[in-house]
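Coming up is one lone chain in structure tokens, specifically the form predicted on its own.
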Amino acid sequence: MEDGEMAFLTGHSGAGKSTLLKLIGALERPTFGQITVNSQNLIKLTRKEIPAFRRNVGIVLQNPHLIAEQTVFENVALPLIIEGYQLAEIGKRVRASLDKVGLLAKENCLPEELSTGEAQRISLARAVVHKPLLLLADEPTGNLDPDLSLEIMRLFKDFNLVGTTVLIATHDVELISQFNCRTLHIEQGELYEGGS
């Protein structure tokens, strides 16, 4: 993919979409072959170098994995706290990220107070709060109705329009047909290009 591109990754269930995203995000290590992200060969990264690499990657999963005991603000702030940002900068970035996904008013809510769509938007806010170069999403609309799915996809497109490279794995061919983006398809271990 080119810097700043948005593309969709399709394939039947079990084709390897999730595995490919985990490999790209350095959540899993390959047994053989090469993975190059931003001119960096991931297979050569040491365990100590992986956290620095992941600082440039945001990941959104189908299940938002929000921490139940923490507020929305605290959930979104987590990547910044781990990276050691100052409190003032954390507050500024978290509120900007929540505002971008339309949920600034929910910053003091607990995850149990959110709808499914709101929880997914919070997950997206957390994935982009540290301004990653690459945003990966694994079936981010899998549990949402068509209107919410389109809303979430438009948010991904908004982040892409400001220069973030976005790769989204999805089964929803009808939804992705509404976006003028390249489609990559996995079938029987092979990657094919399709779409526009």
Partner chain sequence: MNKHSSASQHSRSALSIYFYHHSYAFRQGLRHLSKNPLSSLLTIAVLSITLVLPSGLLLILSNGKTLTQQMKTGASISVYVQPIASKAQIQTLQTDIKAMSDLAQVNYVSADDGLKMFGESTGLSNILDTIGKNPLPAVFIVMPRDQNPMLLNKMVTQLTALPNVATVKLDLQWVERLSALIQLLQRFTYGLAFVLGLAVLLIVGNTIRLAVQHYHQEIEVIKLVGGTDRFIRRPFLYSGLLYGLASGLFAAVIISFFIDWLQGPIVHLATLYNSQFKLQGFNFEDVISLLAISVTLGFFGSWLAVAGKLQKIQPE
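What you see is a predicted model, and the numbers here were worked out from it, not measured in a lab. Residue numbers count along the first chain shown, from 1.
Omitted here: the form predicted together with the partner chain. The next part is about that form.
For the three residues 17, 149 and 173, verify that every one has a non-hydrogen atom within 4.5 Å of the partner chain in the predicted complex; reply yes or no.
No.
Should residue 169 be counted as a contact of the partner chain in the predicted complex, where contact means heavy atoms within 4.5 Å?
Close contact is absent here: in the predicted complex, residue 169 is far from the partner chain, nothing within 4.5 Å, heavy atoms only.
I'd like to check something about residue 182: if you look in the predicted complex, is any of its heavy atoms closer than or equal to 4.5 Å to a heavy atom of the partner chain?
Contact with the partner chain, no.
Residue 67: heavy atom within 4.5 Å of the partner chain in the predicted complex?
Yes.
Whether residue 78 contacts the partner chain in the predicted complex should be assessed with a 4.5 Å heavy atom distance threshold; does it?
It does: once the partner chain is placed as it appears in the predicted complex, residue 78 has a heavy atom within 4.5 Å of it.
Can you name the residues of 161 to 183 that have a non-hydrogen atom within 4.5 angstroms of the partner chain in the predicted complex?
163, 164, 165 sit within 4.5 Å of the partner.
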